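Coming up, as structure tokens: structure 1 and structure 2, two forms of one and the same protein chain.
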Structure 1
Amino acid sequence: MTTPSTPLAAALALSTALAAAPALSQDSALSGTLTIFSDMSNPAPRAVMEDMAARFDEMHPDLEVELTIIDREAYKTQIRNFLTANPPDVANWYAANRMRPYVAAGLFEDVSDLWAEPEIAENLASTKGAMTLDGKQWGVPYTYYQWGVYYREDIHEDLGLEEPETWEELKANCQALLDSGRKCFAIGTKFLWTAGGWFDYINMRTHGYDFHMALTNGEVEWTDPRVRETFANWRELIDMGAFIDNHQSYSWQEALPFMVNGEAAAYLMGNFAVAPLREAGLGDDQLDFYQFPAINPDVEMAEDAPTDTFHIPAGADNKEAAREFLRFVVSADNQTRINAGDALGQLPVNSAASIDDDEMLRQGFEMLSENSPGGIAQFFDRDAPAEMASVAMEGFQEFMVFPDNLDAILDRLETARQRIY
């Protein structure tokens, strides 16, 4: 799981020694060791992280950067141990309510001072809300990605279907697809969270961002008639047979072949689904993207765009260097570089950074910056507290299989809500 840490300084000592003289003239020369624990363990993110650590090390000759990359899933439980027992100077995590346990326990450093600096305040304004809890900022984002409907362009063209802009159009398209012997949407709900994406969108399109946030913050009862309206809209699709059968037996990856084989025509997913779809052989003329259509025309469009983050643990030794690293991570140049198509292939958080010329990223960026006036949500399991999220997403899965159980499900969620908040 854990890889041995990489003492990059040793390898770079020679090259930095040559550049040392001018660097020393800087008034804030950083020294000591900067330890970074990262969960960027997949191949592409790993290369990005290693590259960032190496470049930062090179910039600061007296500073030794020690990077430890931990398996992304294992990290979710290990972070609890190392934050209390052996805190690094910088650690990865996620935005919004996912930070709350560590903020509440006083394990993350308040970095509001960084957010007061003009460079960050101006360029990172769009993600400030996601990093704010109790009126303070607890870390910086380094990447985010859009959610939306990825669909088979070629199948839609064959049937003469346009990208839907309203709920009626979406259902009409879906009916046409069903008539052609295909399913409308691929989904795999074995690990539950994918159903959370559908709930996010239908709820935000039915009642708007503010209602959705109130619900995930526990301010609205799950038995509220407005929540039932959301489920009623969802049920229209379920009753049509829009989703693939037996989705409760598949993970999201296992559901990809339905889309690749053309048995299902679209997939509501995060942008990370694009890479495996392309690898499976779908070309640019076969794969396209549209924003989840409006359901209630009076509601402003709002999107899910989960943000991944860096934090400074409260027990860090070298907080000065850690702050400098956070500044470095969000700087426009670095943002352009790490979010490029050949690196993370996602959206930069700094508005001064440029976006890779990728069909999906471009559309996603336009959608988030111009067509999401309602707000940007993180994702159901990051906006709602962990416990509520697990109970609720299990309910969503049950609803998708047995829509008739809705009353029992909502009662259960309401009981959970009253206990958790």
Structure 2
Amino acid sequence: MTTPSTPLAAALALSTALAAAPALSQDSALSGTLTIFSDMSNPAPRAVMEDMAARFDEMHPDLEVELTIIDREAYKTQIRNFLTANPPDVANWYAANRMRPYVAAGLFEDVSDLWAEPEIAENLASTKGAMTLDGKQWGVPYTYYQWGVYYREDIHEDLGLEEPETWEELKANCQALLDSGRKCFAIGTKFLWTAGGWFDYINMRTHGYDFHMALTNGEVEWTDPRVRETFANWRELIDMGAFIDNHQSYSWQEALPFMVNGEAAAYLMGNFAVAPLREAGLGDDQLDFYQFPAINPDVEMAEDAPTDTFHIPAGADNKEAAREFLRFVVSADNQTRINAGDALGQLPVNSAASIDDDEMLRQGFEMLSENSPGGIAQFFDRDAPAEMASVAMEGFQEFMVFPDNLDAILDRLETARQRIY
């Protein structure tokens, strides 16, 4: 099998059918050709995609699987063209509002029938909201990773602090940390998006997933009193001095030493921060994780968990085989295999799958599979259109440095909302 990572025209020309192999099953119901376009071009994801396509090919001897892998950045600029002009049977993309333009244009197939099947309905329940627009499901997820609060367990123990479950407990812990001469949270906002994580969590904990999605979809004014309430909660931490100083000067990586050195006790971040923290010398007896605590007790807990997905283009030729491939992708066995530490190293979307023996992954899997009834958001810069995300995250960073500028910031965001949407 060859899977060239090239621009689309060359990739289409070079795409090669997977070599025939002995069948793993006698199921020959599927026939013809199944074409898959993938953006999994980095080495580890590419190997996962090639292996997954090869195994599906072996399972169906009368089906020829053709896999084309396109450079990830090139894929983003080409997807609308190939969905319109020469659609494959299966294509990679992203969940929630990132798929909305293709749903609205009629370019993605409605696969709600798959989500009605008990195996998917029960085991993928936590991700259903991320795949749902207009009451229908438009694809399936294949991997995600948790966000949450990574913290210095040893420092918390020294100060007699427990993992906070409420906003008041978080603020009380924060005050104890400040009194000990430490900052509560490391953060680097030089590249803006990290501030988006704080807005996501405080907004979802204050008003819930549905309100957050309505806001990122342009349906709520930024000057709405409910948005102001979110910023008022955020300001409680800012006014305490919870965050490291001059965070606008640091990238997220450059802020890690504050936590490693014990100058700050926690970091709201994605699971990708664990490896560099461990590499910097923090052991599992020093590092732990907790779910961002509740603010409004009447709001169900929702999480940021960026989710990568597979879709069936509306113009696909072999939709029967494509549906079967989507079932295969989300099966428990496949989810265990592709998300293992020596593969994607992330979280399986199927709650019946197994995960690697890693403390942080176990906690994230439990949180997303069992303790996130409110929904799964994709992160601010995926849930909002790119232009709105850019303007808003500039405002978030400005607010963290100059909270008295809130009125001007919200007016600016509202003006952008009216123009962009």
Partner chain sequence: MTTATLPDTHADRGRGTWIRRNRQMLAPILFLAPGVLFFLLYVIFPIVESFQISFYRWDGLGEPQFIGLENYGELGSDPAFETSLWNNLKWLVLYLLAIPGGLFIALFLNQTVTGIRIYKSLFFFPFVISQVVVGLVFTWFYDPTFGLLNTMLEAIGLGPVNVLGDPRLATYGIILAGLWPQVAYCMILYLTGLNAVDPEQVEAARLDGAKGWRMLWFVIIPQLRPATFIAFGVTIIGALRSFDLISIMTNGGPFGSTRVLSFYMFEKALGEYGFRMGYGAAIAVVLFLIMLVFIAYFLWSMWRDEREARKG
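The term rigid core refers to the most C-alpha atoms you can superpose between the two forms while keeping them within 1.5 Å. Start at 1 and count along the sequence of structure 1; that gives the residue numbers used here. Just so it is clear, the structure is predicted and the values come from calculations on it, not from any experiment.
- Both panels show the same chain in isolation, but it is structure 2 that comes from the form predicted alone.
- Of the two rigid parts that shift between structures 1 and 2, one contains residue 62 and the other residue 270.
- When the larger part is held fixed by a C-alpha superposition, the smaller rigid part turns by 23° between structures 1 and 2.
- The Cα position of residue 335 changes by 3.4 Å between structures 1 and 2 once both are aligned on the rigid core.
- In this core superposition, residue 104 moves its Cα by 7.2 Å between structures 1 and 2.
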